[in-house]
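Consider the single chain below, provided in structure tokens and representing the form predicted on its own.
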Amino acid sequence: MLLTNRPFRTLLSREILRFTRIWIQTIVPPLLTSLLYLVVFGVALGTRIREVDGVPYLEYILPGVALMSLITGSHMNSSWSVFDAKRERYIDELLISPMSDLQIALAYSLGGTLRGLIMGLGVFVVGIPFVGVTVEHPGLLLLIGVLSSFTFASLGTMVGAMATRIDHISFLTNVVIQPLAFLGGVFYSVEMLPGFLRVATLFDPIFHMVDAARYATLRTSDLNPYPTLGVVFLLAALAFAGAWWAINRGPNLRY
């Protein structure tokens, strides 16, 4: 079986231990950064923007900040892990192991997914008492979190397998993912934007994840949540297909 195969479980365990053993470096700093977002944006802008869609501003931004932390953590974990395996050439042992390319891609993606979920959950656990919000649909929120984290962990697996320099990973994180996160409705409602920007936001994948998570938490959203959830499913499938392809046929992975 795919998930009970011993080499697969060994690689997955390694991916989990990779960030849990140094949690002070991998988990605590991003959590503090996310809480600073809540304090700076929530307190500073909250005095000027009292409510959005009838929800206090600090409560409104909490799901988006949690999703932003989740996305960053999941992507960085798998992209750096695969890239380090290439750079140190211990990726060769994985490629000649009894594992299939599907199992290798899945193990890296699931390891990043778990780190992303821990990051997102940490923001909620610390932020909810501070903000004072209750989650309306916890099961739906968990599903969205798993799909979003898996999407960007798979994207990180693909990027790590294809990157030839550290700059490639940093470029994607700083020039693509971070701007998409900030423009994805984390700190505002898309209804606040002018028409052309509102339409452009619909093509931002992170916006759909944030909007669905906001509905699950607060029962307010800019879009119908269930078609949005379908979009998130599609993104997760496409991202993992890309990760599988990169491990199987990606350039610069094999000599």
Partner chain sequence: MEDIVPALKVEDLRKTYSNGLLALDGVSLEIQAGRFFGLLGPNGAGKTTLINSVVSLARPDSGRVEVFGRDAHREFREARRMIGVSPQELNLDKFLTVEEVLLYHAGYYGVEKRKAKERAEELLERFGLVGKRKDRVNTLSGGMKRRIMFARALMHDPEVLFLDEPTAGVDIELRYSLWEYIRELNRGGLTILLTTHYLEEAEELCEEIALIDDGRIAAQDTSAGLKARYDARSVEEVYLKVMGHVADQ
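Numbering follows the first chain given and starts at 1. Being a predicted model, the structure only gives us computed values, none of them experimental.
Beyond the structure shown, there is the form predicted in complex with the partner chain, which is absent from this document and is the topic of what follows.
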Does each of L121, R219 and T228 have at least one heavy atom within 4.5 Å of the partner chain in the model of the complex?
no
The stretch from 98-106, 162-170, 135-143, 180-188 that lies within 4.5 Å of the partner chain in the model of the complex, judged by heavy atoms, is 98-106
Answer key: of L94, L147, L114, V131, within 4.5 Å of the partner chain in the model of the complex (heavy atoms) is L94
Find out whether any non-hydrogen atom of I22 is located within 4.5 angstroms of the partner chain in the model of the complex, and reply yes or no.
-> yes
Would A237 show up as a contact with the partner chain in the model of the complex if we use heavy atoms at 4.5 Å? no
Heavy atoms within 4.5 Å of the partner chain in the model of the complex: does L11 have any? yes
Q) Hey, in the model of the complex, does A241 get a heavy atom within 4.5 angstroms of the partner chain? A) no
